[in-house]
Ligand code: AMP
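Just the one chain here, the form predicted on its own, laid out as structure tokens.
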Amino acid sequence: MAATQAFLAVGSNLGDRAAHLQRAVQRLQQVPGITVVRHSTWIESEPVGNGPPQGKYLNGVVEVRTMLSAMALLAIGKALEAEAGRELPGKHHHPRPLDIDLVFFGDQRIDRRDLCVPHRQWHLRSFVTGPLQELGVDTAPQFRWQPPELIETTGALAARTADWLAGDCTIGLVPTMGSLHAGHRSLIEIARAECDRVVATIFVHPLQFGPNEDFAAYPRDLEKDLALCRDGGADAVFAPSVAQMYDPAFCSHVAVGAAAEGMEGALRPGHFSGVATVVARLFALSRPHRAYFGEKDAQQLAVVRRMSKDLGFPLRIVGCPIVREADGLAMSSRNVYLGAEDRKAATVLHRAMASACAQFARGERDRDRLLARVQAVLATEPRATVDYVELRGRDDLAPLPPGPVLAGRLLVAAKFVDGKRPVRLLDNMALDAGASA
């Protein structure tokens, strides 16, 4: 078996920096299966990231040839870091006596929880690119990870997530219909904080639209969406065509029960069956550990939770807080279609629910009086045509009987019609959110 050429970035900013680096080179040479070919000049650089105040690094790149695997070479590097006095696992961007990163391992591409080759940031760090060039590496054609990776076929999505699962990665899934905004970005950022890899999906799903709804007119801007996914930290974006998701013979649909009854389920027949069907298909293709949904579409969240439990998907459904504009309007892809006057009027949804929550905070517990308070505030805005006002169970959205309530969730839907096209907006608020929610 031929030896593999590999390049290791080494750095130190604690203690005798040069001695730490030279010792690391000597110890690498002593490991069976590793031959140190040469190393670059040691150069100084400022620390990267948002760590605490610390001294400059001394850095360089070491070229080796090895009979070991990439994972074995990584393990050797970690052992040398510990030998030099580094506490492992170490804090991100903190000072360290020795840091060893595997930059290149032949022409292999590895994307595991504990190892990415080529190193994800190698091309962004002059203290790596300069020493590589000194060692004769032509950096221009070298592979660069440039997330998010755009995936357009179901087979490619299944293959990518299978690789991540094989590499012990936890996967977070953020299903969307595109036309992304700061609310969607918050879902991606939450997933990024909790998972090793994050997939956002962009699919305007025809089964979620009724015959008189805005499927053709639903806003679409893939380039803008990809930029938001990149800024939020997504590793991949799955943006399939309808034909990719559903072949001509597709005939299996997920039936939904009590969670889909009333409210949107009553006004949009078949909508939640479409939601459940596409989400189940996305779960099957990507096999995520967690899936992230905004709480603005509270009934959808309840339907997905019920479907996931009933069908036995081994994942956690994560509901994420509503992201609002400064004046309280819940962010929605459809907000762009509001005319100027309707945009001002739409804040009545938030104001109405906040008013009832304030009553609840002051001791009001009667279901009908709380609902009446929401309706009274909504009635002050003639531009809003109210579809429904409901007070249901906070999490399962089960109907609440008349009388006192200990907790609950207010849900409202209304239409505004003076913009480019009629716009239906949804919003909701937990009773204990308070008047400032």
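All values derive from a computational prediction rather than experimental measurement. Heads up: residue numbers just count along the shown sequence, starting at 1.
There is another form of the same protein, the form predicted together with ligand AMP; it is not shown, and what comes next is about it.
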May I ask you to choose, among 123, 306, 181, 350, the residue with a heavy atom within 4.5 Å of ligand AMP in the model of the complex?
181
Since exactly one of 296, 112, 192, 205 fits, which has a heavy atom within 4.5 Å of ligand AMP in the model of the complex?
296
At the 4.5 Å heavy atom threshold, is residue 321 in contact with ligand AMP in the model of the complex?
yes
Check whether residue 286 has any heavy atom within 4.5 Å of a heavy atom of ligand AMP in the model of the complex, and answer yes or no.
no
Partner contact for residue 187 in the model of the complex: ligand AMP, 4.5 angstroms, heavy atom
yes
Non-hydrogen atom contact residue 175 with ligand AMP in the model of the complex at 4.5 angstroms:
yes
Would you point out which of 308-316, 323-331, 151-159, 342-350 contains residues with a non-hydrogen atom within 4.5 Å of ligand AMP in the model of the complex?
323-331
